[in-house]
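Okay, here we've got a single chain as structure tokens, the form predicted alone, with questions on binding and movement later.
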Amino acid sequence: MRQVQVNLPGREYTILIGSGLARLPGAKAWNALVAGRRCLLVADSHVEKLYGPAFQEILAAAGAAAVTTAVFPAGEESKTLATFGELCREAARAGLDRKGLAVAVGGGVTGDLTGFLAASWMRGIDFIQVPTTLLAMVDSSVGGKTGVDLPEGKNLVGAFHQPRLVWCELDTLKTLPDREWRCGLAEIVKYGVILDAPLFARLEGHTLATLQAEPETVAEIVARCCEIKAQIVLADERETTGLRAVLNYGHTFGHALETCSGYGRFNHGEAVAIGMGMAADLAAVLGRCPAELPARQDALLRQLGLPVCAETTAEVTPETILELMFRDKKTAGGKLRLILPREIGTVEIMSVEDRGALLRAIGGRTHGNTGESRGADRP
């Protein structure tokens, strides 16, 4: 078992990473938080079938006063105010009081919804993250960002609310579909680009299949990503200094792509992979990174089975993506604040006003052939 501490003053918590955690000493942390409390276990319709009964038993064995399970339809399409409202009603029916505990078992959608519920229910109750996807383990379960999507944009409604514990049970990855593995790998590539060149280089020696065959390597990578995110969250929990913004590399582009395609065509990791391509192309167009960097990033993303381009449709156009980007939370004073790579392992935050350069970078990744990137025109 590996442990990563998030030492926020007054809101400290531990990230536990390993297999069979319920049987290991780390279970004491779980038991201490659960004993004597009414628990609302939240899972989507897919995860509940796989792990709902097991975690109900774990909660009961840990001394929960009562366990109620709330289930919602799987998919990003459920990350809405309507689903949030229904979860609040489930909390009411479960009799959750201010000492109640919400437990998110699932991927990023489940964690974001449950965290927002916990932040809002009776003005704030404790919650535990039990991420069951690679993406949630390395990214969304850590750091306290919670919320829901609107038709007008992704994650526009939400709150900061830190979990009391993050329980990364690596055994759940055994049932994770390959597409969801790749979704998590996109976020891991992001960590390599923004802050950890050795991690990026290590990934270049792997494919999805080789990583799946090396659980110890996966455990090390998950722990490293959690360490990086914990360090950033400690330095800038609420994105007041700008440091935490580096975690959004590829996300402003990617969120706009998800929104204009209706949250169903691309999963989050696929959209972020394409968004990282757009960001790298823009950096190259502006002369902010070596000309070969976008190609190196593309090569790794393709090697891991991720897309680097999106096919243009009536809804997915460079102009639509750019318009949606201006609704992003990172926009300030009508200017886009974007994370652009300088080299592998180093990024910068830039306000970009050059609409032509933006459309060139986006247009180079939105065309008829989704398999190959032509990239934006180089200067």
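Just so it is clear, the structure is predicted and the values come from calculations on it, not from any experiment. Just count from 1 along the sequence shown to find any residue number.
Quick note: we don't show the form predicted together with ligand NAD, though the next part is all about it.
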query	finding
109, 140 and 229 each touching ligand NAD in the predicted complex (heavy atom, 4.5 Å)	yes
Close approach of residue 161 to ligand NAD in the predicted complex, 4.5 Å, heavy atom	no
Heavy atom of residue 187 within 4.5 Å of ligand NAD in the predicted complex	yes
Partner proximity in the predicted complex: residue 114 to ligand NAD, non-hydrogen atom cutoff 4.5 Å	no
Interface membership of residue 38, ligand NAD in the predicted complex, 4.5 Å heavy atom rule	no
212, 83, 155, 120 - the one with a heavy atom within 4.5 Å of ligand NAD in the predicted complex	155
Sole residue of 306, 222, 166, 135 within 4.5 Å of ligand NAD in the predicted complex, by heavy atom	135
In the predicted complex, segment of 29 to 37, 45 to 53, 339 to 347, 312 to 320 with a heavy atom within 4.5 Å of ligand NAD	45 to 53
Stretch 247 to 272 - residues with a heavy atom within 4.5 Å of ligand NAD in the predicted complex	268
